[in-house]
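In structure tokens, one chain follows: the form predicted alone.
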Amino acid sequence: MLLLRGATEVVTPSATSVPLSGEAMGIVERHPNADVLIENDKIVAVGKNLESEVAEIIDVSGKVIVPGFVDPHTHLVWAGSREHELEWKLEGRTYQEILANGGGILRTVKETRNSEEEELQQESLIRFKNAIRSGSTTIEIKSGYGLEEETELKQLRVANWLGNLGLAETVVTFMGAHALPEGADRRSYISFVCSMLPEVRELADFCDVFCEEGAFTEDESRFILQSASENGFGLKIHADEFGDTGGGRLAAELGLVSADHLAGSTLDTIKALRDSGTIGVLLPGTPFAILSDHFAPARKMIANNLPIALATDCNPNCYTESMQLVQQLAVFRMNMSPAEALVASTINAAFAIGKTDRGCIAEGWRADLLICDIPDYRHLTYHFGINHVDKVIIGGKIIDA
């Protein structure tokens, strides 16, 4: 047992069985001068002057406790790097132009294919530990830098290996439909992706498709996702990153767990997603990284009661493991409040990857907690550019990453 004694405040979304939306996203419970009692991997009590004769006591006076961050969208497992592309972006080259010239995803595919599995493990472990130290306690990881069987399986194995290290938990997503390989026939490649679904089902919880101009069309994405559903996968989609190109509408039509990006989604698409029960996962690091001002319309989404989550989109094009930075971008560039950013990074993010037992500090919930060296939870976004996390607790254990 652990007893966290004397926090300046314990701050949490309200316990809920459904994602929070609308005005509820802007409300957090603030428990001043509070303790948290943990037994095994569960929270036992939150309150003042808690006692336990058997618990290890940790003095957290002067600190703030919040739920562990959940990162519901990453491409954490890859080899190589693309730092030169930042200079190309500064010269004015677009994401699509870089991809069309063999850069972007296709560059990382080549480097990931050429990596040995042990090398891929060690590169990815560095990023994984960075994410944990920055407060991520559950992390979704996609494949999609193989685009052929051997490397897709290698990525999925590494993602599962990371989750079995006793650090953060991973949720694994198969994304063979991340891009069309160089020289591939579209129809043949889509058939290949669908043929892999039974083989990778034991390695992945979700299937994702990049539905966008230059990637996969709405009809192609529908075909892959329907095949994935028949094979028992949860469904996610990269949608409307650059415009309302049909991915968001498709997510609503199929009732996907989440639709991610949504920077170009129209009001009609936002309302359709809301009505379908799909969660919008917003990735403000992505436009930031490609030097764009085209951020997702978070205020419009909240006003129309679409539940939204936040994620890093950690990948070679958007290279950050920090959910703190993502929350800061959400506040400074998408006009979300600090409370909305916290809710979107905890309980709503957990729902976006099918987790209903974390993201809240309340009796009976999973003990994934962050002890932050700040005087007020709003400093997570107000004081930007540093890591505020002092201790990470995952499943009731203090994690040294």
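All residue numbers are counted from 1 along the displayed sequence. Computed from a predicted structure; not experimentally measured.
One more form of this protein exists, namely the form predicted together with a further copy of the same chain; it is left out here, but the text below deals with it.
In the model of the complex, a further copy of the same chain lies within 4.5 Å of some heavy atom of residue 292. Looking at residue 186, you'd find every heavy atom of it more than 4.5 angstroms from a further copy of the same chain in the model of the complex. Contact between residue 331 and a further copy of the same chain in the model of the complex is found at the 4.5 Å heavy atom cutoff. Heavy atoms of residue 356 never reach within 4.5 Å of a further copy of the same chain in the model of the complex, leaving it off the interface. The candidate spot formed by 154, 160 and 163 is out of contact with a further copy of the same chain in the model of the complex: none of the three has a heavy atom within 4.5 Å. Listed stretches are 46-54, 357-365, 32-40, 372-380; the contact stretch with a further copy of the same chain in the model of the complex is 372-380, by a heavy atom cutoff of 4.5 Å. This chain lacks the partner; the member of 223, 242, 192, 288 within 4.5 angstroms of a further copy of the same chain in the model of the complex by a non-hydrogen atom is 288. A heavy atom within 4.5 Å of a further copy of the same chain in the model of the complex is found for one listed residue only; from 269, 320, 115, 170, this is 320. Looking at 346-361, no residue comes within 4.5 Å of a further copy of the same chain in the model of the complex, counting any heavy atom.
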